[in-house]
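One chain comes next, on its own, written as structure tokens: the form predicted on its own.
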């Protein structure tokens, strides 16, 4: 009898040891699936889009920014998560032959200004100070939500900048400039204050690569339209308005984004190849050494879109409510309605009186020019009767 019990326990232990690897394998698979499901680590997306140039001849910089604005909105980032900064209002410029429009292509088919553009910072509000305050969150308490970057440590942020720049700086309004050191320190403040999870920085300006040379904060990926010592060239000249409509690098980036939809699996490596030197004339650059993930595993929509992560299940979930709870709740609502006094609304306007009253007779006024014509007739009769020689008897 004892031997039988001993053998039974030994068999149970042996089975448990055999099943242990399978249990750990299943747990490992579940962990891998969970890690894949949350592989990007972000729950929300933000975009800060900045045009730093004024004056009509910089039309293309406004068109650049508005085109990126249109693309991120199309891919799902709402206006509440976009901070749009435009240094000049080209849509209302007196030189614009088509007021209230900004076009990014010479065929004039796509108005990127549109009917629902929400500009958060415009004209002289676009300064280096305001830009840095938006990034770091150091803004007055009276600032409205639309002018705030309310990101957190689960936010993926796209920062796009365009304008005139040089080796290590970008001009604002032709009156001040931001340096690559100031920008790097602002990103470090954002990281220390847990204001982003991952950050994508794109700049379209001359010698744009110099602006990301000083970055030192983690989880930043940067792209530029030109290397140090190179100019970033314009594109799409339009003789009708006398200026170029876009810059080359942004034009080909947006052409690439037009093929993207919220479910696209296109990755960042594809974005790096959109504008070779044969098209851009300048040499676009990118920096990924601070970024923890491999760019080929980073989807375009991780920054340009706002795709919510969902899990599809084939299991049937019952949504039948508890009848007892529903009945008691219904009886309680009925009792509350019986005890409540009927609502009465004050008659602020005597609607019935207004509808049934007789129309008021309009006061008669002489038609326009009647008085002037009457005086002219009197003067003509006077001169015809008395002439100019009798004027001295009147005055």
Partner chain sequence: MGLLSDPVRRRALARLVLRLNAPLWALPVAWLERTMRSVGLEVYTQSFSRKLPFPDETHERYMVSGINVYGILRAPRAASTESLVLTVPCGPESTNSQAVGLMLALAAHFRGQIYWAKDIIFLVTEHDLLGSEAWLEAYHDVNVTGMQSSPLQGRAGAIQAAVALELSSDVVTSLDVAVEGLNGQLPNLDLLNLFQTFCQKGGLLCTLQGKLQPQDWPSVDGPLQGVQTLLLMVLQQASGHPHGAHGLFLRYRVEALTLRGINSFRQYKYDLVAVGKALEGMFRKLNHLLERLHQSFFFYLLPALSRFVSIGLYMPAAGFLLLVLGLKALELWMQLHEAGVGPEQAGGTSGSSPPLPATQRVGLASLVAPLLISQAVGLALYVLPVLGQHVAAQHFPVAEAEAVVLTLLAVYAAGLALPHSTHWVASTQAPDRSWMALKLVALIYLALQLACITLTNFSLGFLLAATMVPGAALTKPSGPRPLCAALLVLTSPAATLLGGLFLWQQLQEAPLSPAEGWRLFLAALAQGVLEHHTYGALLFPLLALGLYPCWLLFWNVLFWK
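Positions refer to the first chain, counted from 1. Everything numeric here is computed off the predicted structure, so don't read it as measured data.
Keep in mind the form predicted together with the partner chain is missing from the figure; the text below concerns it.
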Please run the contact check for residue 263 against the partner chain in the predicted bound form: heavy atoms, 4.5 angstroms, yes or no?
no
Should residue 99 be counted as a contact of the partner chain in the predicted bound form, where contact means heavy atoms within 4.5 Å?
yes
Would you check, heavy atoms only and a 4.5 Å threshold, whether residue 242 touches the partner chain in the predicted bound form?
yes
Does any heavy atom of residue 267 come within 4.5 Å of a heavy atom of the partner chain in the predicted bound form?
no
In contact with the partner chain in the predicted bound form (heavy atoms, 4.5 Å), from 291 to 299, 188 to 196, 85 to 93, 217 to 225, is stretch 85 to 93
Interface residues of 53 to 77 toward the partner chain, as seen in the predicted bound form [heavy atoms, 4.5 Å]
55, 56, 57
